[in-house]
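What follows is a single chain, given as structure tokens, in the form predicted on its own.
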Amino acid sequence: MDKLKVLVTDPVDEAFLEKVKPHVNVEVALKLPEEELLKKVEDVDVLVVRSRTKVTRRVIEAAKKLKAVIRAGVGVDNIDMEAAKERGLTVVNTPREPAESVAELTIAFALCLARKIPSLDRSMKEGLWLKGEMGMELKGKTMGLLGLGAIGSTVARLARAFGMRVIAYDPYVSEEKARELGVELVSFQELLSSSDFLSVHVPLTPETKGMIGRNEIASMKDGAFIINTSRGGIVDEEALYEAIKGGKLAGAALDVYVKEPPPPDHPLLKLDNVVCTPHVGGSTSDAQLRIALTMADDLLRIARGEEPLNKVKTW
């Protein structure tokens, strides 16, 4: 039997290549313009991507032999899932492997916001000594989680270690599971009104796009913070800017944006009480190694004609 032809179009840990090369024919071609990608995928069996490559309907239609798309990471919003469904493609992701890294960044964001670390660092480097600048502790504050999947659950564990009360809104999680995590399930409205830190951990879908908008922010506590390490577009960036600028919210921390990278003149980037990073939630060597090995295992299952363990169940 001929080996599967695999095309990798975004950077992956070398451990992935080492594990699969003896069993499949793999080619790495990074940063392909779409027209070049359309030619490359014509005879490919499996496409391996991260978030940069957009697996559009055109790409899926051009890939006549395509059996599966493997996504290094959690979100599949860069894959046209409707077109994939029509073709009967297997879509695989790695939902658990980046969880610890993204959750740690979320807690780091909370600490930065609570203790004003980025702005105090800048002031020190500008020769200022703002010893009277007052922050607050995480202990005793309420961490509100929009989504209690793999990443949200990990944030809950870490937040509880800081002595925080943890509440969550997730209609797909049972009360029993929440109790195991030490999390109180609440309504969406209560999540908004009770959170000192509102942290977003849901995928970007038509249902979640703009989920935190002007009305929702107006329902939040005065002086609360928003943290988004999930996907840009779930939080309305214009509404967030207005709420921080107007004093409704005390600040925000963002790892993701509607447009990536955001334009240099993006208003949120100009605010001292907004902490920004360039979509690096899962960018740790630890997470990338776990992702690589998990993807390799599922690719080899596909090569053997078996069901991958991390198949995205959307149809």
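Residue positions are given as counts along the sequence shown, with the first one as 1. Here the structure is a predicted model, which means the values were calculated and not measured.
Not pictured, yet referred to below: the form predicted together with a small molecule.
Chemist: Kindly confirm or deny that Val173, Pro203 and His279 each have some heavy atom within 4.5 angstroms of the small molecule in the predicted complex.
Modeler: The answer is yes; Val173, Pro203 and His279 each reach the small molecule.
Chemist: Among 60-68, 267-275, 38-46, 252-260, which stretch has residues with heavy atoms no more than 4.5 Å from the small molecule in the predicted complex?
Modeler: Flagged stretch: 252-260.
Chemist: Which residue, Thr208, Thr90, Ser123, Asn78, has a heavy atom that falls within 4.5 Å of the small molecule in the predicted complex?
Modeler: Answer to the contact question: Thr208.
Chemist: From the list Pro118, Gly233, Gly213, Pro95, which entry has a heavy atom within 4.5 Å of the small molecule in the predicted complex?
Modeler: Exactly one residue meets the criterion: Pro95.
Chemist: Do Ser199 and the small molecule come within 4.5 Å of each other in the predicted complex, heavy atoms counted?
Modeler: Although the small molecule is absent here, Ser199 would stay clear of it in the predicted complex, with no heavy atoms inside 4.5 Å.
Chemist: Taking heavy atoms only, is Leu148 within 4.5 angstroms of the small molecule in the predicted complex?
Modeler: Yes, Leu148 is a contact residue.
Chemist: Consider Ile107 of the chain shown here, and say whether it contacts the small molecule in the predicted complex, taking contact as heavy atoms within 4.5 Å.
Modeler: Judged by the heavy-atom cut-off of 4.5 Å, Ile107 is well away from the small molecule in the predicted complex.
Chemist: Using the partner position in the predicted complex, report whether Gly152 sits within 4.5 Å of the small molecule, counting heavy atoms only.
Modeler: Gly152: contacts the small molecule in the predicted complex.
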